[in-house]
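Here's a solo chain for you in structure tokens, the form predicted alone.
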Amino acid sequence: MPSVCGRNSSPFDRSDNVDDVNRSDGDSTSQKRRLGGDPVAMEVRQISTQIKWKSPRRCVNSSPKTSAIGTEKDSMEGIVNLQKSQKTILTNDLTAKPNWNPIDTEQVSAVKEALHVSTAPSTVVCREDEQRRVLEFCKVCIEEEKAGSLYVCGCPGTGKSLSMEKVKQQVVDWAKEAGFHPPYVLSLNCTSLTNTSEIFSKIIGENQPKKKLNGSTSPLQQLQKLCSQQQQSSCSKMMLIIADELDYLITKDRAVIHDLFLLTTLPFSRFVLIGVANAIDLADRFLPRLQSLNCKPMVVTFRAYSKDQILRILQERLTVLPYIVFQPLALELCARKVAAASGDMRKALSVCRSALEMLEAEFRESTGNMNSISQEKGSLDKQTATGPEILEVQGNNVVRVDHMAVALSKTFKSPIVETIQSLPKHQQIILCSAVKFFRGGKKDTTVGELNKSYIDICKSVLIPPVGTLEFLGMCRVLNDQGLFKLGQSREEKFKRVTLKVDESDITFALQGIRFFRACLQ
């Protein structure tokens, strides 16, 4: 017969169970303290708190004899197993990647190759819609055995040429799978032609490689004759022509580019022409005759990359590497600046390579300095700094935000940034004081208040501040250079001061210097 609990007793008063519960509570409390700053542990704890505790009376499989301790133990075991599985997965992901060593020439070469413009990624991301439109156009032309023309335009570095290479292979693969004859493919860069009319020789040479050119007629005339009469062979193939840098064919009379597009309008033409260029209005400005004949080419525009697209493309390129090379904030800074300036992906890749070279130079200098110190101490054999030791000392073996900021400033030099970078040190400190002072939402202040902020910064970095009169003179200089705006007042210290440049320009200009990074924090 089961014993009846006393008035003050409970099912949890058994000593062994109480010890287990207390022990588990103590362990979880210590674990929280140990992992309080770990975002992974915080995420695991959030997941665990979502598991609802069930009362034994409300459980489907429970009975009046079910122990509440047993139910609590089962729930605790489920959470522990969840935490272990989460930690195991994260640990495996971290330990699977070797340490990145900026001194290892092979690793540096691999990163530079991944970020090189000529390296074609395995997948072309952020241009799926444009590729789909071009591919559908080619499919319709091949299915209906009908010639057509398409014009691809967009700013430099927006993925036009890379997408066309992808589409070219997709068209051939689709034709084979769908049971059509794969088209002849002629892909050329018009800048490689010795003269603009040579493109017609390239086309007829690809279309009829065994047929010799007749000296009495030009390649253009032969193509026009070929497209004006019905072909004897019933299985003659279509021909896909991708002409990159099409604007190179624009001559004074525009005859070549007109004749090229007119080939697709002839009655028996089997040419699918895709022209690629940067000029967005080329079809309107240089092909008015085609528009009058109602055969204006279809236009697909590649817009400039956004910040999120640039960031995604950079991450896609870096995923092939088995180690982390860039700080996430550094990549985001690069994406923001390039997207705001031009949206040119080639610029973003160039900036990342430049920042990588700065990190490489920094570690080479650290290696030389540590080796020279070891030689001076007379313990070169035992204390010579090797690559891993330097990484351990440095603690920052990835491309940081300051590296990226300097690389961006070299690539996108603005007059304001150059002006700020060329100022004397104390004037730069005054600008830092203004930035820190206006972060609270204030739009202006007095010269006296700004002077107090300037003195506080100088004391924090152990630099003697200048006198009041010299400070007022430097504020006037900043006003003359268009960085400050000084108001009117009888007393100098009561003049209102306003920043006339964006705070981000000041931060961007001075972020590459460690001293000013400390001032701006």
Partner chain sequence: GHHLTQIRGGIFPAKTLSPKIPNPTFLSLNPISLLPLQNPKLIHSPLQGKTKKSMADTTPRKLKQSLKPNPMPKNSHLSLSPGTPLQPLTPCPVRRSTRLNSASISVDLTTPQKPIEYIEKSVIYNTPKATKIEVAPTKTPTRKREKESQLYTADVTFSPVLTPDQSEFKKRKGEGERRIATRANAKNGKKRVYYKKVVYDGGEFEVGDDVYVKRREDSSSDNEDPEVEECRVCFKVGESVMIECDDCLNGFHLKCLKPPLKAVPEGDWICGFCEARKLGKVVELPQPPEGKKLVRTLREKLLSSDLWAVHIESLWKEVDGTYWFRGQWYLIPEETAAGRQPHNLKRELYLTNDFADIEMESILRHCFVTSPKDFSKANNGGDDVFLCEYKYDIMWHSFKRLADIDNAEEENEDSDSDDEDWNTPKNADSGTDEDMEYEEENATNSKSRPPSANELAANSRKGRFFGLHKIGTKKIPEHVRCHKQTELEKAKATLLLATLPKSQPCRNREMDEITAFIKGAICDDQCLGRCLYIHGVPGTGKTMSVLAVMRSLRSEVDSGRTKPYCFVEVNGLKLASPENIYRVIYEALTGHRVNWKKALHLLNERFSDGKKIGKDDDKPCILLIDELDLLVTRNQSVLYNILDWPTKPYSKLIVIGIANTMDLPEKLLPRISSRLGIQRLCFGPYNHQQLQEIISCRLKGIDAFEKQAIEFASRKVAAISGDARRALEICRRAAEIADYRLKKLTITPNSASAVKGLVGMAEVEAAIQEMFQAPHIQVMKSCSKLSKIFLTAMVHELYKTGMGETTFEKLAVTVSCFCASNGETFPGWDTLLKVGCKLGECRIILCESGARHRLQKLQLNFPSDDVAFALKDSKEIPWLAKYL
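Please read all numbers here as calculations on a predicted model, not as lab measurements. Positions refer to the first chain, counted from 1.
The same protein also exists as the form predicted in complex with its partner chain; that form is not shown, yet it is the one meant from here on.
- Interface residue among Ser228, Gln221, Ser109, Thr319 relative to its partner chain in the predicted complex, by the heavy atom within 4.5 Å criterion: Ser109.
- Here is the short version: of Gln131, Gln170, Ser350, Ser197, the single residue with a heavy atom within 4.5 Å of its partner chain in the predicted complex is Ser350.
- The closest heavy atom approach of Phe180 to its partner chain in the predicted complex falls outside 4.5 Å.
- Pro424 belongs to the set of residues with a heavy atom inside 4.5 Å of its partner chain in the predicted complex.
- Taking the partner from elsewhere, Asn278 is found to have a heavy atom lying within 4.5 Å of its partner chain in the predicted complex.
- For the chain shown alone, Thr301 is not a contact residue for its partner chain in the predicted complex, no non-hydrogen atom being within 4.5 angstroms.
- Across the proposed site, Glu144, Met239 and Lys337 without exception lack any heavy atom within 4.5 Å of its partner chain in the predicted complex.
- Listed stretches are 309-317, 258-266, 132-140, 411-419; the contact stretch with its partner chain in the predicted complex is 411-419, by a heavy atom cutoff of 4.5 Å.
- Within 4.5 angstroms of its partner chain in the predicted complex, the stretch 484-503 places a non-hydrogen atom from each of Glu491, Lys493, Phe494, Lys500, taken in sequence order.
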